[in-house]
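Given next, in structure tokens, is a single chain: the form predicted on its own.
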Amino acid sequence: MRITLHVARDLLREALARNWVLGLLVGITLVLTVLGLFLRLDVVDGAIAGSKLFGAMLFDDIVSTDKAMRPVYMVAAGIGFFGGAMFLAVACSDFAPSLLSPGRIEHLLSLPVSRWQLLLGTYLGVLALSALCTAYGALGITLVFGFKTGFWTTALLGGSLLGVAGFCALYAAMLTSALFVRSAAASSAVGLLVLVMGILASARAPIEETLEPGLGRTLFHYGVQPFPRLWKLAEQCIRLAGDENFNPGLTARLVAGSLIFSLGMLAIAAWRFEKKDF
């Protein structure tokens, strides 16, 4: 396990050396800076009496702080889940293909490291990177609004980090696809496809009702079955961030489904990696 963690650490070092990681962190920091400097909240006795952004009035009704901030955190969690998943699917698509590039993979295999350790270390490194970026954005938003309103909560951080479970499934499929087709574009496309299929799987029953009985309906029914229900998972992330109607039992089942899908993809990847000649 120690070697696996070394592989994950090396991947994080490589990621931090890339300009897109720096650009992502700078972009998040700029958004947080804008919120901190240009968003004005008039807080009176635990209630928000008015809000302005860039001098424009957002609302002037007196609303309790927790009630006013709840939808803000829910929107932030939703954007973080889907926007973050799409961005990371594109940004992280090159790690596995570059690992398998001629010259580099032969060098790595000549070291005292197993193929499954390379595979698992790469996977864990990307997940750690996604968790760090997610935590940075969520914690920053929580601190900005906490200092401005005096209302402190870890709900957004918890909801956002829960969303990383959804990206586990995306990147497991991306890593597996790279072992069949060494292409960053194909890997990214597979990740986005899993995201779409995860949304369709969440709405399988109502979609099936709109389809005519027959081959098409049967193909759709069994075609979406293996995929985790990512839309349902996103809903629970949003509810957790807003501290509203969160269902721990359902969430545990959704996370388990995502992890089972990920383990299945990794098993296929390990089998392919062991059979592949370099």
Partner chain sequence: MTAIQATGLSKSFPRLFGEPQPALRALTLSIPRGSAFGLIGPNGAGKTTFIKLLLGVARPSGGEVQVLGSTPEDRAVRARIGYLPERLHLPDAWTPLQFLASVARLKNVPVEPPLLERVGLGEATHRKIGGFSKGMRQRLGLAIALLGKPELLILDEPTDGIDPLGRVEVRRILLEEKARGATVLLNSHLLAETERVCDRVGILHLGRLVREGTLQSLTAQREGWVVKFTGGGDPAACGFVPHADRWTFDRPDVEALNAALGKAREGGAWVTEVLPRAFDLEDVLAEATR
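As the structure is a computational prediction, the values presented were derived from the model and not from experiment. Positions refer to the first chain, counted from 1.
The discussion below concerns the form predicted together with the partner chain, not included here.
J.: Within 4.5 Å, heavy atoms only: does E208 come near the partner chain in the model of the complex?
T.: Heavy-atom contact with the partner chain at 4.5 Å: absent for E208.
J.: Verify the contact flag for A131: yes if a non-hydrogen atom of it lies within 4.5 Å of a non-hydrogen atom of the partner chain in the model of the complex, no if not.
T.: A131: no, not in contact with the partner chain in the model of the complex.
J.: Using a 4.5 Å heavy atom cut-off, state whether T154 contacts the partner chain in the model of the complex.
T.: No, T154 is distant from the partner.
J.: Taking 4.5 angstroms as the cut-off for heavy atoms, does R204 touch the partner chain in the model of the complex?
T.: Heavy-atom contact with the partner chain at 4.5 Å: absent for R204.
J.: Would you confirm whether the three residues E106, L109 and S114 all fall within 4.5 Å of the partner chain in the model of the complex, going by non-hydrogen atoms?
T.: Every residue of the candidate spot has a heavy atom within 4.5 Å of the partner chain in the model of the complex.
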